[in-house]
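Take a look at this single chain in structure tokens; it is the form predicted on its own.
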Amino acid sequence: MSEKTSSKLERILASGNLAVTSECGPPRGTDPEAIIEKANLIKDYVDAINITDNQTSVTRMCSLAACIRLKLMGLEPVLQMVTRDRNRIALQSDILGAASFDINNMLCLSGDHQSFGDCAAGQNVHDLDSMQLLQLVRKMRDEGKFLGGDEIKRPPKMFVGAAANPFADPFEIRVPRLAKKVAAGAEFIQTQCIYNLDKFEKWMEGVRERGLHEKVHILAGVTPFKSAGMARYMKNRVPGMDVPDDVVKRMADTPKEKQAEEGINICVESIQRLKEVEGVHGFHVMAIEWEEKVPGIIERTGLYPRPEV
């Protein structure tokens, strides 16, 4: 484990325990209670909580402020940061701001295109891409230097992560793309929601062939379906998502009043199977606006209580 960070998430992973993370979307307003309520629902069942950064390009309370709210509650945040909205000056500035509050985990992302969101006429920045953001955070942490070369007084102590989508086309570049993120400095990976377990296991075979599972901690992403409609939407409308026909059919064949329960059953079964996959070091449970279901999922999969480190 790096001596440069104080991340609880890093300590859990370094100890060999399966880590559990979840995430909260900040509100579309200034009331912090939205974040506080979500965090209170899941805090005892996860090791760290991601705060999304204007996800789907919709304007929300900034990720950094919401992460500070979690720190004030004594919780472990993961700051998500996208390169879509900030140039390299702003990125470095926000990293320093986060580190000043001892926010010790960061997920480096490109971000959804602004045309998806509520400000379609906005400008994409992308001064850096997600790979370069990884390199930037590692340079600031490991070398104690800004991108311009000047020294940093009290460098940021970040455990640095990235996202991976094992399902996007073309499939054959998915493992090489992960390798690039590891080479750029990623220490943990949170994956896209996994519904096609066969394809994910095939991706993990490629990951193991290149020894990447020994260089980076992979947290498998899962999202419970609320309904058959959600399953169909994820399959047909969400880019890069792979929902097999038999999973959609299973949801559709379930009576409407029991579909939410069946969606949770599928999520629990997926975690149980993924626990057996060599190289999976934990789980990222993305219960989108359904945080109250996270504790039951964690309990049913034997991932509760969480270890103390």
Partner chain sequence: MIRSITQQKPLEEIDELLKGLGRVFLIGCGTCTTLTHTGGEPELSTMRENLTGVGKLVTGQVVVPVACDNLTGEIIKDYGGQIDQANVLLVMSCAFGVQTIASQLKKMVVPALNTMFIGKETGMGRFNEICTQCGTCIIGETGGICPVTSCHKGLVNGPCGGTDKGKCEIDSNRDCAWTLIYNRMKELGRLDSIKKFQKPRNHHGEPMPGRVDLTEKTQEATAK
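Numbering follows the first chain given and starts at 1. Computed from a predicted model, the values in this text were never measured in an experiment.
There is another form of the same protein, the form predicted together with the partner chain; it is not shown, and what comes next is about it.
Chemist: For the chain seen here without its partner, which of 195 to 203, 96 to 104, 120 to 128, 223 to 231 has a heavy atom within 4.5 Å of the partner chain in the predicted bound form?
Modeler: After filtering at 4.5 Å, what remains is 120 to 128.
Chemist: Note which of 141, 217, 86, 174 lies within 4.5 Å of the partner chain in the predicted bound form, where distance is taken over heavy atoms; exactly one does.
Modeler: It is 174.
Chemist: State yes only if every one of 132, 135 and 180 has a non-hydrogen atom within 4.5 Å of the partner chain in the predicted bound form; otherwise state no.
Modeler: Every residue of the candidate spot has a heavy atom within 4.5 Å of the partner chain in the predicted bound form.
Chemist: Can you check whether residue 240 is within 4.5 Å of the partner chain in the predicted bound form, heavy atom basis?
Modeler: Residue 240 belongs to the contact set for the partner chain.
Chemist: Does any part of residue 145 reach within 4.5 Å of the partner chain in the predicted bound form? Heavy atoms only, please.
Modeler: It does not: once the partner chain is placed as it appears in the predicted bound form, residue 145 has no heavy atom within 4.5 Å of it.
Chemist: Within 4.5 Å, heavy atoms only: does residue 111 come near the partner chain in the predicted bound form?
Modeler: Residue 111: contacts the partner chain in the predicted bound form.
Chemist: Considering non-hydrogen atoms and a 4.5 Å limit, does the partner chain approach residue 152 in the predicted bound form?
Modeler: Answer no; every heavy atom of residue 152 is more than 4.5 Å from the partner chain in the predicted bound form.
Chemist: Which residues, if any, of 149 to 175 lie within 4.5 Å of the partner chain in the predicted bound form when only heavy atoms count?
Modeler: Those in contact are 165, 168, 169, 170, 172, 173, 174.
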